[in-house]
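Read the single chain below, which is given as structure tokens and is the form predicted alone.
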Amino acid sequence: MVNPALSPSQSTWFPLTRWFFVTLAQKSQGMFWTIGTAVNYSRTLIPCLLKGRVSFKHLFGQTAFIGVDALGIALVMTTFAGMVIALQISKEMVKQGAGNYVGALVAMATLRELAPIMTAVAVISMVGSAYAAELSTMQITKQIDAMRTLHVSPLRYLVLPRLLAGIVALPLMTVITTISGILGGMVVSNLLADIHPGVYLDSVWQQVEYKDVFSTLTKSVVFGYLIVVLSATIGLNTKGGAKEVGTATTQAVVWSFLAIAVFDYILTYLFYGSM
């Protein structure tokens, strides 16, 4: 005889279902609140950005911080990505008589997607997480409240230099990582498929268009903006203690990855969807 207290319909299914929907509602509420707060911050940051109200001393420091911390790992990731693409396609394309197009394929894949994505991933891992941890620590130790008491805007003093640094540094880093990825593919193509570097680079020059370069730089600017704004939004609204600092850092990384994935699709569709 089944004990009613252990009936799945009463003691297992309903509590689990209720927990699922309550958790989903809480996560959705937090998601929309974070998006709304980030948009609200943007309403303050963008006018200040356009008017040039930023400390250039802090700007140079933050730009150097982003470049020094993230460029190395971005170069390694993009270079090996270009090498892997060349490894996959060079021999087969030579067999099919299309060895002259290996450089173009590696360049377009690196320029359109791999370089901006890999660079953004490196910046999120090394810089976005650091921003979230730093600002959340300042928030829970009341340093942000002290700044507001002194009539100093945390957005203008702390976030704006980081935002401008992200917008400036990411495109520059993406240019460097793109070149690195293309050259990595050239080396592998030459070693494995005996494709002459001149033929490879000529293919790159003939097939890559100005639109590809513009789309890559646009993605880099948007990615830099999203990383800094989301990391700052989560960091400045952290409440609690040391545990919440770790949670805020993790949330900043996850949210930045999701935002980049969504906006990468949107921007790619805008540039290439009608082709």
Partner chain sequence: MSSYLPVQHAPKTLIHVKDLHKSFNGNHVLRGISLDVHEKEVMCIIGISGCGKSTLLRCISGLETSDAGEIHLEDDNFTMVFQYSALFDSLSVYENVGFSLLEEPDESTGTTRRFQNLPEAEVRRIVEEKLRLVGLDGIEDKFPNELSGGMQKRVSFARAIVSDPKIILYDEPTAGLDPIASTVIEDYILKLRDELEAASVVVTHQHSTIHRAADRICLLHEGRVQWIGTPQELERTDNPYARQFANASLEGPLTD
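Computed from a prediction, not measured in an experiment: that's the story for all the values here. Numbering follows the first chain given and starts at 1.
Another form exists, predicted together with its partner chain; not displayed. Remarks below refer to it.
Stretch 141 to 149 is the answer when you ask which of 174 to 182, 78 to 86, 117 to 125, 141 to 149 has residues with heavy atoms within 4.5 Å of its partner chain in the predicted complex. Lys57 belongs to the set of residues with a heavy atom inside 4.5 Å of its partner chain in the predicted complex.
Residue contact check for Ser153: one or more of its heavy atoms lie within 4.5 Å of its partner chain in the predicted complex. Residue contact check for Trp205: none of its heavy atoms lie within 4.5 Å of its partner chain in the predicted complex.
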